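One chain comes next, on its own, written as structure tokens: the form predicted alone.
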């Protein structure tokens, strides 16, 4: 967005994360439909229930709320619109949004550029119209947002999944964002500050979100799954600023010929440059790169739950010597030091080991486990290492 002087405006995404009023267009009475799911999630998470306005031309009441036949029928101005309607009906909807003072619209329906030429043409028309009318557009082909204040996705979210955290996470794929929410909220007990599914990025893109995370003091970790960078130079510039104080993790899809083809039909994205070039650019911005989903989850969880170390000195505690060898190899790959223990630390550890087994780093603890048992040995080994002031991390 450009201001009156021709300068880039700072993105204001407050209407998406902290709206004052919400209209939901395409609400269904059928509980299996996406429009019903959106209303249900908004209803139990948005504190101002009197400012929720379902739109359906054939219904009078859904989930206990009065239903309006059109956006223009709503008696008040609307801050945010969430829609799940056919793409061809959205240009006229945007004009109504402009008349109602709408600041932002989340388009969760699909059928845009990812679907072919006709969808691409509609997507371009919507993008141009949004700029003309000064309405920020989120999506299409997305699943909206999840925060501790508001859930706009149509995916079923239960109370035990709604755990507040410090991670703000962006998924270009809708269902990836859903999987992230389910796994981080429930299985990993990590919690999320903001989760955002941005889909085809008609307007709002990864740069807007990263800039928002920069300003958000409660975002301590940022993580992105992307199938291409819409504004690579801008993103890398913002990443350099972000990584000065906070970790930024990125998993890129579409880094092979087959993957790029899949991304085109998924979110109409194309990767920029060769995979090696893109990887090198990310490293320059100090972005932590994940290689696959499991790696992505583990890195995000580690940064969310553990404090950043003061240095790069690592102690490895293993149940087998082979684990120490592999751990040392991985540490060397990332320039992490495996220091030798001081005489004082060695003497303290030796009391837990048989005389024939002098403890070293990596610590092969099997013989200590045999003497004291697994839990007791670890309860005594770990504090010795923590109190030594010789290491910064233990794994």
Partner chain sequence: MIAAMQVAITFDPTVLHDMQKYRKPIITYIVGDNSIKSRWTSQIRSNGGVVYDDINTAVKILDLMASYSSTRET
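These figures come from a predicted structure and were not determined experimentally. Residue numbers count along the first chain shown, from 1.
Form predicted in complex with its partner chain: not shown, discussed below.
K.L.:
Counting only non-hydrogen atoms and a 4.5 Å threshold, tell me whether 25, 49 and 110 all contact its partner chain in the model of the complex.
P.N.:
No, none of 25, 49 and 110 comes within 4.5 Å of its partner chain in the model of the complex.
K.L.:
Taking the shortest heavy atom distance, is residue 44 within 4.5 Å of its partner chain in the model of the complex?
P.N.:
So residue 44 does not count as contacting its partner chain.
K.L.:
Is residue 32 close to its partner chain in the model of the complex, meaning a heavy atom pair under 4.5 Å apart or at it?
P.N.:
Flag for residue 32 set to no.
K.L.:
Give a yes/no on whether residue 279 approaches its partner chain to within 4.5 Å in the model of the complex, heavy atoms considered.
P.N.:
Judged by the heavy-atom cut-off of 4.5 Å, residue 279 is well away from its partner chain in the model of the complex.
K.L.:
Flag residue 18 as yes or no: does it have a non-hydrogen atom within 4.5 angstroms of any non-hydrogen atom of its partner chain in the model of the complex?
P.N.:
Residue-level check for residue 18: no, no contact with its partner chain.
K.L.:
Find the only residue in 121, 319, 85, 115 having a heavy atom within 4.5 Å of its partner chain in the model of the complex.
P.N.:
Looking at 121, 319, 85, 115 one by one, just 319 meets the 4.5 Å heavy-atom criterion.
K.L.:
Go through 77, 89, 132, 312 and name the one with a heavy atom inside 4.5 Å of its partner chain in the model of the complex.
P.N.:
By the 4.5 Å heavy-atom cutoff, the listed residue in contact is 312.
K.L.:
Could you tell me which stretch in 89-97, 204-212, 243-251, 122-130 has residues with non-hydrogen atoms within 4.5 Å of its partner chain in the model of the complex?
P.N.:
Of the options given, it is 243-251.
K.L.:
Could you list the residues in 367-381 that come within 4.5 Å of its partner chain in the model of the complex, counting only heavy atoms and keeping sequence order?
P.N.:
Residues within 4.5 Å: 374, 375, 378, 379.
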